[in-house]
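Next comes just one chain, in structure tokens: the form predicted alone.
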Amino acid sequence: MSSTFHGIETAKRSLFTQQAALNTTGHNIANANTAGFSRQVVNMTASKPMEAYGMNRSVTPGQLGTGVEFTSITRVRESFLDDQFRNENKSLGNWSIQADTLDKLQTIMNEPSDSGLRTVLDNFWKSWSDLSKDPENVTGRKIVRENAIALTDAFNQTSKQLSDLKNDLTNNIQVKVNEINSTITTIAGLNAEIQRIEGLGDDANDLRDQRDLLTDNLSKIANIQVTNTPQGYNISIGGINLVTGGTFTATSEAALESGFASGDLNSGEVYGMIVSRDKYVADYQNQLDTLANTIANGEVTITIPAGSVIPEGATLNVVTGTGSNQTVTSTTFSGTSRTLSADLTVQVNGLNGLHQLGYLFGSPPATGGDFFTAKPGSSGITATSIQLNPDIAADASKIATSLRTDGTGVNETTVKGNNTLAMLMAQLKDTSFTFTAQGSSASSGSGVTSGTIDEYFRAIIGQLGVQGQEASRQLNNQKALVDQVDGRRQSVSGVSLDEEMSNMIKFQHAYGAAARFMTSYDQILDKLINGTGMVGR
């Protein structure tokens, strides 16, 4: 025989369980827009049935139900989708940084435009061409000087912007290191807290969500490996251990650089920053340095026309023959051999080497000096250090344009109207140089070892354009992949307000029915206690 009050206990359990379900539904609705939140469900089960009470085993058929209870409140989440998301997220972090860096590089190069380095170069060559039409014109000389200054300023400014970008990337790596350390500190703390709470038999759903959100964020910074253990998440980057249960090991910029070198760090934002700094920025800085040095000192072959007069004692590399039969002979010109009876093909070292063959207008005629020099304190000409020779910057008459003289000895004078050198200078625009970096005999840059200055610069811009396009394509693809995986994850773990509203109505009615059941029992007991045994009163 069952207890008189058995129904009240059954109703009470139902009320408590439906109330818990309603509270959980409200929690889901409240966090519908919370980042990283996973919807939670109350797992209900029929409470343990029992035999009806009696002195002997009851003859009442079946077991007596005791109502409902909830065994746990769990979150709905698939670890497989979490792994997929983190695996794609690291590539998104990598390509987002590379695409951003290449976008900045394209802005720095500013090509094609009316104010980029290519336009400045064109203006420089054109000013030499204009000067060759009237080599004695003071205005033409000043225009050459100003365009040369504009050219060196463009090199200096572009190089400075590249250095600034490089420093920004280095600083950002340190920022990410701090972010990693802050995140793993919190994750280790959450590991310990989750273990403590769940050790008591509870479900630390919200703490698990927080830990997963932090792990997701970490997966964008670096290629982490996550292992779920009874002590919590163990997180590492290749061989770099970060989190083990409730403890963490702070990382450093040096450790990540070492991980990059060893291959442990192979994706994520930090990887993208190191690649951007050491590959892209360093490469374009190197190519720009090579271009600046080649314009000033790069080997170039020119043909000096007959009738020109080589400076006394000048030693030139004379080129004879063509193709495989070509020979280069070092020859010193002196006396009557200075005046060329035929065209002479020689190798000179850039604008500096050619300018040193020309004559100034003074008397006795002096030869021109270096056209470009390195700034004081610099070891050689680079995009950072290149400058117009200070003597020419102060006095435009120091620009040599003539390759002819009259007379001999003390009576030798410069033929001022001669424009041979100015024309050769202007023709360098279409002349093939051998590209060599400062301080190195090896050609460097975009793979172009020889060609015109314009071809080399176009190769730089072309390479940059293709790299930027590829990075942008990879970024868009990766965004699509991450969005797709996240969409699948949200379809499992996300909060659907429609579904929650339906659940709310369902649990509300269940709660109301349980309350009505208890009211019924109240009335039954009232009748039993207060209405029976009253006969005859």
Partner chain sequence: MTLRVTQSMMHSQLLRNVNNNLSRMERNQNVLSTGRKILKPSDDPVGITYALHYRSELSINEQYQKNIDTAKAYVDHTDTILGQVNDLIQRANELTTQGVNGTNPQSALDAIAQELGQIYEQAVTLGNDRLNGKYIFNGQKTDIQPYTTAGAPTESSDDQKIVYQFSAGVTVPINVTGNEVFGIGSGPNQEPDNLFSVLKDLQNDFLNGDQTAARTDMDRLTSRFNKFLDVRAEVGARANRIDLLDSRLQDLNQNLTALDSKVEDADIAETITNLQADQNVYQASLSVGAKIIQPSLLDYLR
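All values reported here derive from a predicted model rather than from experimental measurement. Residue numbers count along the first chain shown, from 1.
Not on display, but discussed next: the form predicted together with its partner chain.
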Checklist entry - From the list 138, 366, 282, 306, which entry has a heavy atom within 4.5 Å of its partner chain in the model of the complex? => result 306
Item to check | its partner chain: the contacting residue among 390, 417, 199, 321 in the model of the complex [heavy atom, 4.5 Å] | outcome: 417
Checklist entry - Taking heavy atoms and a 4.5 Å cut-off, does residue 488 contact its partner chain in the model of the complex? => result yes
Checklist entry - According to a 4.5 angstroms non-hydrogen atom cut-off, is residue 74 in contact with its partner chain in the model of the complex? => result no
Checklist entry - residue 111 near its partner chain in the model of the complex, any heavy atom under 4.5 Å? => result yes
Checklist entry - Hey, in the model of the complex, is residue 406 touching its partner chain, heavy atoms inside 4.5 Å? => result yes
Checklist outcome for this item: Per contact check vs its partner chain in the model of the complex (non-hydrogen atom within 4.5 angstroms), the hit among 259-267, 226-234, 123-131, 171-179 is 123-131
Checklist entry - Taking its partner chain in the model of the complex, which residues along 489-508 bring a heavy atom to within 4.5 Å of it? => result 490, 491, 492, 493, 494, 495, 496, 497, 498, 499, 501, 502, 505
